[in-house]
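First comes one chain, alone, set out as structure tokens in the form predicted alone.
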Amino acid sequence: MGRQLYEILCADAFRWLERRRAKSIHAVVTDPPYSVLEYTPEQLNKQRNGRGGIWRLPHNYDGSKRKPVPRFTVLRSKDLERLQDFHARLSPQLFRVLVPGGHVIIASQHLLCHFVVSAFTDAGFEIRGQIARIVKTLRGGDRPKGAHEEFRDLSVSPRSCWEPWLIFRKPCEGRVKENLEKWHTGALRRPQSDVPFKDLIESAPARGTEKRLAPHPSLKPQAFVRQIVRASLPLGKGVILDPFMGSGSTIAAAHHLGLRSIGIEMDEEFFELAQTFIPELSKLQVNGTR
């Protein structure tokens, strides 16, 4: 693929969306800064330095060695208010820039997804289901902190083995057939003509070469991202937006598939990673994807 299919910008996504022409984006695939708090400059510095903050977890606890991940259970009332405000601001902006029938496929989290559903349906989106990304390295299932020997037969919460990705659609103009003919949107592309797109996808975390290429704390593997990116443009026409691109996995997936995309990232360090590694990620050969 010699031609440049993507545009990436180091910018504030909300400001960019405010200036973007209405009905000019055909799909959104994104993993936003989910609790808002964990990707503030203060918390990112703590994560990068391995010291404190919402990313902090003990190296060994309850018999398990861990990597830092955001701890959504520690969010306070004001943090949840920020989360609600974030999606209440985001959803109408995406609704405005999307063409009729355009989909938003957005990473979610079990404890917080109800806030997202509420914000997006209030903005006018239809909820079209969710994708279960089967990944068995998520958190949960721990015994009570400080009492794991005393209460060995208990778990404070279920061990999470799947990650929900919510699917929303801007209402079509008329029937899906008519919307597809005019806007090229309104449906999800099948992986094969005789195989429907399914809402259950097994997906191990990004590892090895992929993780070394793009060391982002929330990097999603190309084996998974390419499937949902391909599905988001039913006729392979239009522009995919990732307003929170991190180190660029969505944009790399689109580029690999020969699809046009735009990525926005506010953090300069992640943006520099994306500039360097999107071309490399897009070249990776991944089993089970096109």
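Just so it is clear, the model here is predicted, and its values are computed rather than measured. Numbering starts at 1 and follows the sequence shown.
Keep in mind that the form predicted together with a small molecule is not shown, yet the notes after this line are about it.
**Student:** With a 4.5 Å heavy atom cut-off, would you call Ile264 a contact of the small molecule in the predicted bound form?
**Tutor:** Yes, contact at 4.5 Å.
**Student:** Would Pro234 show up as a contact with the small molecule in the predicted bound form if we use heavy atoms at 4.5 Å?
**Tutor:** Result no; Pro234 lies far from the small molecule in the predicted bound form.
**Student:** Taking 4.5 angstroms as the cut-off for heavy atoms, does Leu219 touch the small molecule in the predicted bound form?
**Tutor:** Yes, Leu219 sits close enough to the small molecule in the predicted bound form that at least one of its heavy atoms falls within 4.5 Å.
**Student:** Indicate whether Gly238 is a 4.5 Å heavy atom neighbour of the small molecule in the predicted bound form.
**Tutor:** No, no contact at 4.5 Å.
**Student:** Please identify the residue among Glu272, Glu280, Glu18, Asp12 with any heavy atom within 4.5 Å of the small molecule in the predicted bound form.
**Tutor:** Spelling it out, the residue with a heavy atom inside the cut-off is Asp12.
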